[in-house]
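This text opens with one protein chain seen in two forms, each one given by itself as C-alpha cells under the names structure 1 and structure 2.
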Structure 1
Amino acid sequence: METGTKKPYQVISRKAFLDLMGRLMKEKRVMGPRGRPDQPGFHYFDWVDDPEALTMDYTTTTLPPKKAFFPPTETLLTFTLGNPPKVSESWLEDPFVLVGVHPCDLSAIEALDRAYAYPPPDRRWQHNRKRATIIGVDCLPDSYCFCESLGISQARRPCDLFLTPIRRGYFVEIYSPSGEQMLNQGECSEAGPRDFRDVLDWHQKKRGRFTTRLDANADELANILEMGDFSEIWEDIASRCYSCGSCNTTCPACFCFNMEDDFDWTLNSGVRRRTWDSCQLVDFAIVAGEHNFRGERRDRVRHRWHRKFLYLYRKFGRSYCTGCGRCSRACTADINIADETNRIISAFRKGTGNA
C-alpha cells in the first residue's frame, strides 16, 4: 500500500463521495456502474457525467469493466492503399477514472495485465491501463458468486482506492499516490476504531452470504484436470451447450479477440478493427485450408475448462476464472460453471474421472 502524507485508512461520507465524483467528472471522464433503464434491476458500466447516476451497491453487471481498456469493438487504425500506403493509428490519450469495480473484476484486470504483458506485449491494453485511475468497492455475493473459493473475495490489486460500505459512509483504503491525490479533492477523515469494527462486520457478513463454493482449490483443480479423463462430462455439457459464446463474452478474464479490415466502397481505404471473440464459437479455430481443430463442441467445452483452470494457471500461476458468476447468469442453457466444476472434482475423487 503506497501512501504519502495521508493515513492509509480514511472515511468519506456518501454525500462527500458523490461530491468528489462530481469534481472529478468536471476534470476527466468517469466510467462506473449504473442501472439499465430498459432492464430494471440490471446494471452496466458506462461513461457517467452525473454522480447521482452511479449505483455503487450493485451485485453484478452484464459486461465486465475490462471494456474501459479493451472495448468490445475498437478501431485500431485507418489505411489508404498506395505506394507507399498510408496508415494512421487511433489512440485515445485522455486520462479517466474507473469507479465501482468489485474485487472479482479487480482480480480480472490484474489477470489481463499479466496476459497482455506476455511477450509480445499488447501495447494498446498497456496504453489504456496507464490512462486510468481505479476505485474499487466491496460487494455482497448472490447465488452465482464463488470468488471466495478462488481466494480473491478480498482482492485489491490493481486499484488506487478501495471502498467498503460502513455506517459513516465508505471506509477508504489508499493504494497509490494517484489514489491519495484523488482523495485529497474530497472531504474525508482518518478512520477510527468503530470504522475498523464496521469493516470487520462487513467482511463477516460477506463471507456468510456465499452459498456457492468450489470443492477444490485452484492448484488441486489444475491437477485434477491434468490427470483426469472427463470425456463423458464434456459430452454431456456439450449436448446442452448452444455454442453461443455468451460465457466468454461476459467473462472479465477472457482476452481473445479477432481483427478485421473493413474496406470502403472504393476498395482503396478502410479501417482495421478488433472485436471480442470466443473460443466457444464454432469458427473460432478455423485455420488455413478451412481446417477446424476444435470443430467438435465437446472439444470447445473441454478447452474452456482447461483454459480457465489449467493452461493459464500453469503459465501465470493463477486461475483465469474469478468466480464472478457472469457466465452462469448469461448461459442460455443454464450451464453453471461452479456446479459443473464440482461435478468434475467429484468424478475424479470417486475414480470415475481417471485416465
Structure 2
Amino acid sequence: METGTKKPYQVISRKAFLDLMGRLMKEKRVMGPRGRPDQPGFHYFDWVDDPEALTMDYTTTTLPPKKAFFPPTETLLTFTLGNPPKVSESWLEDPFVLVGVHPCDLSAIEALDRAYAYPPPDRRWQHNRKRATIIGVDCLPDSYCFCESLGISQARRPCDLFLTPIRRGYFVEIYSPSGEQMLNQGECSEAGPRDFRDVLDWHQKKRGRFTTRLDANADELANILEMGDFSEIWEDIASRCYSCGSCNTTCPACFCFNMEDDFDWTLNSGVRRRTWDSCQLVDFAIVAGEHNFRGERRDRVRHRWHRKFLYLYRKFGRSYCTGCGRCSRACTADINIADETNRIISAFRKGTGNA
C-alpha cells in the first residue's frame, strides 16, 4: 500500500464482517456464495441481501463467479425495426461487490482479464469488471481440487480484499485503495503475531489436504501436448464423452460465446444477446454448407485440452485451467480432468504418447 490509514494486514471478527456486509448491502448489490435451496450441500453465487445467507466456508460453487462479469446470457443491444432501425447498446452500470471468491476463481478472473484485454479488448468484460469490488476468501480443497499443481492455490490477484479464516475471525489482506476504503467501514484491528501464525497454520493445513495432483507443471504440460501424439487417449476420452458441454459451462476460465437475436412479441423489436458457448457441442465449428471443422468428438476433446493447456498458455502465458475441478464434478460421464491429464503425462514419459 502506498498511502492509507491502515496497515495492510488487519483482522476482522466474523460478526464485524457480517455487519460490514450488511452495511455494504444497503449501499450496493452484493454477490456471494450461498447454499443451493434445490441441492442441499451445494453452493452457488447469487445476489445476497441478508448477510446471514452468505456461506463463506463453502468448498466450491456449481458455476464460477465469472458470471458476475460475463453473465450466461447478456443483452448486448436492443433494436426496433424501422427506417432506419433504432439500435441502442445495453450496459449495466450499478457498482457491486463480489464476495467470497476462492484463489482459483480469482486466478480465473485474471485469466479472462488477460484474454479479453488482448487487442482489440472486449469492452463489455472490462466495463463489468470495473463495476466490481472483489473480496476473496481462502478455502480448503476437496478431492477434486488441484489448484496447487498449477501454482494457483495462493492466487490473490485481482481482489481488493482477501480473507483467511483464523481464530479471531478473518485475517484481511488489503490489495487496493477501494478495498481499504471498504474495510474502513467495518470494525477491525491490526494483525498480531498470533494471527500471522494462524495464517501460516491455515496455509499448511491447506497444502496437506490436496489429494489430487498433476504430475507436471503448466510449462511441461504445454510442451508435452505440443510434442506428443495422444490420439488413443483422445479416442478413449471421446468414447465416454457425451459432448454435453458441462465442462465448458462450469469452467471459470472458459470464455467462448455465441451471439443470437430474439424478437419480442411485437415481432418488430427485440434484443441481441451473447450467451456462453461450448467447444464440445457438435455444431460449434460448423460453417455454411455444413462443413464441420471439428465434427469428430475426439477432435473436440483434443481441442479442449489443447486450448486449456497449450494454445492459450502460449498466447497469454498462463494455463487456462485453474484446477478448480468443476468440470470433473459436473461431467456426466465422470471424466476427470486431472486423471486424464496425468494419463497424458505418463503416456508421454513412457514414450507411448510420442509422435
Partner chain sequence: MPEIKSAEQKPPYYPSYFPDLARIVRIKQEVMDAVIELEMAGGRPLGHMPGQFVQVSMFGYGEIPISVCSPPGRAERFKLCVRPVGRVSKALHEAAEGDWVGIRGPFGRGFPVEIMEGRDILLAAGGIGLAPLRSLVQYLRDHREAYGRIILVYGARNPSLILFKEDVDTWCRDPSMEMYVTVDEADESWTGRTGVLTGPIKEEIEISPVQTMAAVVGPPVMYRFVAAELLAKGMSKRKIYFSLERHFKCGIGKCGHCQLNGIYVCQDGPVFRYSDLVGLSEAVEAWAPE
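Residue 1 is the first residue of structure 1, and the numbers go on in sequence order from there. If you superpose the two forms and keep the largest set of C-alpha atoms that fall within 1.5 Å, you have the rigid core. Every value quoted in this text rests on a predicted model; they were computed, and no experiment measured them.
Looking at both structures, it is structure 1 that matches the form predicted alone.
Comparing the forms between the two structures, the C-alpha position of Val199 differs by less than 2 angstroms, with the core used for superposition. The Cα shift for Ala117 between the two structures, taken after rigid core superposition, is smaller than 2 angstroms. The Cα shift for Leu81 between the two structures, taken after rigid core superposition, is 2 angstroms or larger.
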